[in-house]
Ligand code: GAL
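Have a look below at one chain only, the form predicted alone, in structure tokens format.
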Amino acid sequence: MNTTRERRFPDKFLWGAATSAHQVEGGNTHNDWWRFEQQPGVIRGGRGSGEACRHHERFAEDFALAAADGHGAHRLSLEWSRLEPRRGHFDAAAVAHYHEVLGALRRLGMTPIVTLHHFTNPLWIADAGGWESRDTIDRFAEFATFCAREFGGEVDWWCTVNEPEVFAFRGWSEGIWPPAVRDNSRALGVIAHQLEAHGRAYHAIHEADRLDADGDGHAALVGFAKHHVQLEALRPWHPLDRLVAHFERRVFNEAVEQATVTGRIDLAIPGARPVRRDVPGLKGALDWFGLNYYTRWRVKSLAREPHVATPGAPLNDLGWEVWPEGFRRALHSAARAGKPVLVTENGFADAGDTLRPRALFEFAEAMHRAIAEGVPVAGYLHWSLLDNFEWADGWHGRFGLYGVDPADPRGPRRRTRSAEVLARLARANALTPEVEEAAGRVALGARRD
């Protein structure tokens, strides 16, 4: 018996999926990640990006799968090292390729949402100091200007940088991503530079992109993607657990989320040099807020593993807690920026596709509740369209609506039950009994994996 009444999402709600160039294209040999992958032991399982999903060749058929599932939007990134392999030299073949990619999306009726920096840097940027150098802010603003002029006739939705706080802490604090540094002070400096670069790129795009691709009266809508992770004390009675969780929330979530509202960069954690400065060009530099949400971590101070999952909670294949209520709370946090919220990533590493269908439904329920409570959510982009290279986790985290065999990326894409759940959501633009039927009726709260 069906228990779910139909609950509709707003008109013109964007449903779709997301990818990033290095994770799916294959053969991105001129960036810092490719070079990093050649080092022994840095990638789980030892298999680097390599040919990835061969999306660079198969983009048209991959987009056709998404369009057939009712997706109305797709988030992708432009690989900076392909477009500008040397400073000031833009590769004509790469430019033509991305015109083909964007044209394919437009012909299928899908809105491109284009990210300019999704973790990878051209080698010439990395070797000149990378994001520790203020010069990179200037170079990125130039790249944004080029892309806005070149592709503005096909793109209205622009995402400047992806997860500046994750990028910085993975590469400069934990040291598990390039450049493999372990220095919290330098990590805070990198976050600050990425935020400044967003502000510069925001204005550069608005100046350079004067073409309204979809005729809605907006030539350019510019935002950035922020990873919001719920951080809570494992032992609420423990003063140090609470204090560490507070500082981590403050720098990882609150300071980054508010920087584009106030124009104030205010990053501080114990033991590191704080970064505090006003950036006039950053204040108000936001047309929409991109939210990436995956999990909650319980903070355990003075422990070998400082972040652990809630005991007894359902976990994905990477050991991340699957917690729909946290998604609702993250949406409310994102709304404090005062702009429409676009869910730029939300997904579940689940190679067997056993937990993900129901999780997708329950996260959509949480999103619907947030909308009913006043959060202006513009759309939902699932991570990811395809199983892909998951950075230091290699091919272990399978997030794809469509399965890909990394040993045979020329082989067929394998459609999952989760793809059917999202397809039914997108076609109905509503939570319906049919969507719940496809997702299954065993609630996540009943699981004890």
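Numbers for residues come from their place in the sequence shown, where the first is 1. If you're wondering where the values come from, they're calculated on a predicted model, not measured in any experiment.
Keep in mind that the form predicted in complex with the named molecule is missing from the display, and what follows is about it.
Residue contact with the named molecule in the predicted complex: Asn184 places no heavy atom within 4.5 Å of it. Contact annotation: Lys339 falls outside 4.5 Å of the named molecule in the predicted complex, judged by heavy atom distances.
Remark: Asn162 counts among the residues lining the named molecule in the predicted complex, judged by a heavy atom distance of 4.5 Å or less. Trp391 belongs to the set of residues with a heavy atom inside 4.5 Å of the named molecule in the predicted complex. Of the candidates Trp131, Phe363, Trp158, Tyr294, Tyr294 is the one whose heavy atoms come within 4.5 Å of the named molecule in the predicted complex; the others do not. Among the residues His97, Arg200, Lys300, His118, the one placing a heavy atom within 4.5 Å of the named molecule in the predicted complex is His118.
Proximity of Phe63, Thr111 and Arg427 to the named molecule in the predicted complex is absent: no residue of the three has a non-hydrogen atom within 4.5 angstroms. Screening 135-143, 118-126, 324-332, 216-224 for residues having heavy atoms within 4.5 Å of the named molecule in the predicted complex returns a single hit, 118-126. Shown without its partner, the chain has Trp320 as the single residue in segment 309-340 with a non-hydrogen atom within 4.5 angstroms of the named molecule in the predicted complex.
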